[in-house]
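This document opens with one chain alone, in structure tokens, the form predicted alone.
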Amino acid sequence: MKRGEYASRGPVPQEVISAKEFELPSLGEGQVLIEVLASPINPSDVLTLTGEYGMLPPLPAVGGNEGVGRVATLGPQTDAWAIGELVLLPIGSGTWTTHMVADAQRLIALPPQGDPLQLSMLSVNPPTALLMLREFVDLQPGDWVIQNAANSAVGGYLVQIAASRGLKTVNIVRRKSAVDAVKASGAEHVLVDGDDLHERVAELTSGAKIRLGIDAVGGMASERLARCLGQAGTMVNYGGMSGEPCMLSPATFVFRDLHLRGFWLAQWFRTATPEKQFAVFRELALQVAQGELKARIQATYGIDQIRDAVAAAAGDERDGKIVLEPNKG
């Protein structure tokens, strides 16, 4: 059995992590042994390795925040699960591992027909997209939403979820080479960012009032996105891919009564009831299993290739997710 461990953090994330053998503890009451099938590498995972994320586990630690697996062994007095069932791993449990022990009550059953690679990405990006669309503005079918970083995993899910709710999206990318990939995810309207963005968006939407903007870039990209919003619109920021603070001029922000909100899924998990969390996961799991929601996958790696996998995930030119298949030979 092996897992991706790190005992320090540093600016080059792949240099601080390695695959190490380990022994599992004995199963206690209410616990199960899980064979991990797939676990993605998210931007938050990379930032955790560099020490730049908002919540850092104590060292040493095992990487990975989400994934799926199959129940391999049941502990004493554990009868709620059957051997071979497909389950969603507890979020934040160190999922870059071939096997793990988990409390049975923290597991969520997944549709058995679902693709483990797609289901492994269920815990972070799909709920981020869904909740940003649902929690801040009361959108109705036919309304417009604008987002930047549309070629990100969250961006791809947001396009698909918005379409299923009858919403129209304007999708912004930072490089022309990303346009085709975003269109392949189902996006109809894709623009490359630039100083005249608000003019091109107004022409595209025939001057429609855009009430919600989703920003993952920061810097002047925030200002350019905000200019596209209608009076009293809301902009939600959930990331800073530019490495710069959100820039908003008074003429854009104050005089037009715009609202700037932040979204962090970890904070939502702290405040949402277990019932509300399970309801979100059930809704999304069914859509993923039925092929209604999916993300582009660039490559998969085994646990022995953990450093190569992290380096690929940290690269700038990806057009899909990097996913670990820890038991892959």
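Start at 1 with the first residue shown and count on from there. A quick note: this is a predicted structure, and the numbers were derived from the prediction, not measured.
Note that the form predicted in complex with a further copy of the same chain isn't included here; everything after this is about it.
Of the listed positions (Ala80, Ala202, Ile83, Val254), a single one reaches within 4.5 angstroms of a further copy of the same chain by any non-hydrogen atom in the predicted bound form, namely Val254.
Taking Val71, Leu167, Leu130, Cys246 one by one, only a single residue has any non-hydrogen atom within 4.5 Å of a further copy of the same chain in the predicted bound form, and it is Cys246.
Highlighted residues Lys20, Asp319 and Ile322: none comes within 4.5 Å of a further copy of the same chain in the predicted bound form, counting any heavy atom. a further copy of the same chain in the predicted bound form comes within 4.5 Å of no heavy atom belonging to Ala279. Residue contact check for Ser185: none of its heavy atoms lie within 4.5 Å of a further copy of the same chain in the predicted bound form. The closest heavy atom approach of Arg296 to a further copy of the same chain in the predicted bound form falls outside 4.5 Å.
Proximity of Gly262 to a further copy of the same chain in the predicted bound form falls within the 4.5 Å heavy atom cutoff. Residues within 4.5 angstroms of a further copy of the same chain in the predicted bound form, judged by any non-hydrogen atom, belong to 49-57 and to none of the other stretches in 62-70, 284-292, 29-37, 49-57. Contacts between stretch 222-247 and a further copy of the same chain, counted in the predicted bound form as any heavy atom lying within 4.5 Å, involve Gln231, Asn237, Tyr238, Gly239, Gly240, Glu244, Pro245, Cys246, Met247, listed in sequence order.
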